[in-house]
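Given next, in structure tokens, is a single chain: the form predicted on its own.
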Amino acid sequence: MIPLVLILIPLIGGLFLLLSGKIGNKAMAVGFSTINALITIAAAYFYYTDIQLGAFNQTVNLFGIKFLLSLNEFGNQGGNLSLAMVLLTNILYPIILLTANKNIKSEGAFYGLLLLIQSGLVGVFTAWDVISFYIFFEMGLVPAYFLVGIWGSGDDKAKIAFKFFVYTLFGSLIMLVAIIYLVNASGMGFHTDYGSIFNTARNLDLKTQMELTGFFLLAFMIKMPMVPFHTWQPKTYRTAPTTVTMVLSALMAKMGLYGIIRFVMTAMPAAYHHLQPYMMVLAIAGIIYAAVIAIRQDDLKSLMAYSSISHMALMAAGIFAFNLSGFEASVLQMFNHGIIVVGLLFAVELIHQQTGTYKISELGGIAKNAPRLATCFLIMLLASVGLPLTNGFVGEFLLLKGIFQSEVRYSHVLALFAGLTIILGAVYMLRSYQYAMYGETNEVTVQTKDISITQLLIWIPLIAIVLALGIFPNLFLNLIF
């Protein structure tokens, strides 16, 4: 059963904004997404406290939100992955919309397309059959293409948007071939629920499972993205409006990891175990590769793009560790990374709005004129590099523990290399912060002003989550597992 209300609210809101063209589009978009956030938080709260309220519970059942209150089991791993991803999506979306630049042209279309992506994201994370999963998986592609191609920056934005579209569409079509094969092999016609299809997949011979797993992995590795299928991502993230980059990095990229758990780890365990050591090595190689490239970046958005690739690869390594620590840490870090990357990109966008540049070499001395911005940026940066008492530390510690405890040969060596993400991450993050925030001001940064109270209010929930989950990670782990 799909929680229709959580899908329909942004869908209806997005279509209304696309067609209306009236003023106040940003406020309306934030309103629609905030309603979704409040419903999701309420559902999570009632699940967590196990409170049953007659009339409310009937309403919950009526609209299908009851789905969010039931645990999904993933073999011996356990855990409500769907609840975690819907929480992340709906909590972040109003914050992301609030960070959007005020000078957006054709606001109705811009915010309408963003809401359509939100609807597709919720659909992916709550779908209970393979056909609806695929439809929602594709639903965000076309809006994202237009958001990059129309509202992006640079003379080659159309070319970059087209490359993004072709890459992700190719992966999706490959996945569709695998889905069609499984549906046909099940012999159950239109009965395409996960249970029926996954039972069919588990009974296939290893060779067929390996082939189908390759199709699914290709689609999900492109979506994340994961080395070597990442080449579309840095230019797309840099070209897209920062609000759109937040959606791509914090939310849409998580569809790839979610898909690996759903369709590879759960549906085809024989192929999963056969590929486990190879995928772990590939993921850890991606961690180091992307981190090294990030160190060489002079553009803040490009740096964030390669940083995202590195962190997503670490989460993938945790999934393929196939133990409780790795699985729990991957889900936790998917949530944490979404919060952190939105905060980092918000800081980058605020710097760009005042200086007109993303170039690290052109910045300097911003902290003198903008201490509040420097402080907020620093908190997110320290969370990204895994400082204790931040949410990033808990996730990365458990991920490295999961990799170390993996049954893969030389897992301790793999954990050592995976741990380089902390060192390399500190290098490129602290370097960029030092050059941008400290030193002497120049003609680009001399007129920089501090963030307003309104902008500070946007920071508060992000910082609160970073610190709350850093100090009390069981708030999340007890809810999800």
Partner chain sequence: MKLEIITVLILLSPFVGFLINGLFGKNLPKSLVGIIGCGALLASFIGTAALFFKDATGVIHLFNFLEIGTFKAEIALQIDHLSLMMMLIITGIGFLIHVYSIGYMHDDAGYHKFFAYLNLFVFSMLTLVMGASYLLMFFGWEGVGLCSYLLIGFWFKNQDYNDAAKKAFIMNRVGDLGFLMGMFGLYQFVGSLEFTKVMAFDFSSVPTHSLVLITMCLFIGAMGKSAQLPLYTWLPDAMAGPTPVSALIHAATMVTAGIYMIVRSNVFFSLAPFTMEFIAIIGLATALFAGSIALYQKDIKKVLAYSTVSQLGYMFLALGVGAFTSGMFHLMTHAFFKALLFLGAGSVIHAMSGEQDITKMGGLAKKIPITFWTFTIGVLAIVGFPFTSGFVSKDEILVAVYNHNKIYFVLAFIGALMTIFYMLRMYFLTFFGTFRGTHEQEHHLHESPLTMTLPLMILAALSLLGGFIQLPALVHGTPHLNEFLSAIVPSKPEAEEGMFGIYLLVATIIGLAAIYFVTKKKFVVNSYNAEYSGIGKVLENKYYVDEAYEFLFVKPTMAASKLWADVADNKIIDGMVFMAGKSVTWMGTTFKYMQNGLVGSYIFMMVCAIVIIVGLNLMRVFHVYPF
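Positions refer to the first chain, counted from 1. This is a predicted model, so every value here is computed, not measured.
Heads up, the form predicted together with the partner chain isn't pictured, but that's what we're talking about next.
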| What is the one choice in A44, I422, V30, V444 with a heavy atom within 4.5 Å of the partner chain in the predicted complex? | I422
| query | Of the options R296, K207, R409, K105, which one has a non-hydrogen atom that comes within 4.5 Å of the partner chain in the predicted complex? | reply | R296
| Residue stretch of 144 to 152, 112 to 120, 215 to 223, 162 to 170 approaching the partner chain in the predicted complex, non-hydrogen atom distance within 4.5 Å | 162 to 170
| the partner chain contact at I288 in the predicted complex, heavy atom, 4.5 Å | yes
| Contact of P269 with the partner chain in the predicted complex (heavy atom, 4.5 Å) | no
| said: With the partner left out here, check for me: in the predicted complex, does some heavy atom of Q434 sit within 4.5 Å of the partner chain? | reply: yes
| task | Flag Q405 as yes or no: does it have a non-hydrogen atom within 4.5 angstroms of any non-hydrogen atom of the partner chain in the predicted complex? | result | yes
| message | When the partner chain is placed as it is in the predicted complex, are T231, V385 and L477 each within 4.5 Å of it, taking any non-hydrogen atom of the residue? | response | yes
| query | What residues in 384 to 403 sit within 4.5 Å of the partner chain in the predicted complex, counting heavy atoms only? | reply | V385, G386, L387, P388, L389, F393, V394, F397, L398, L400, K401
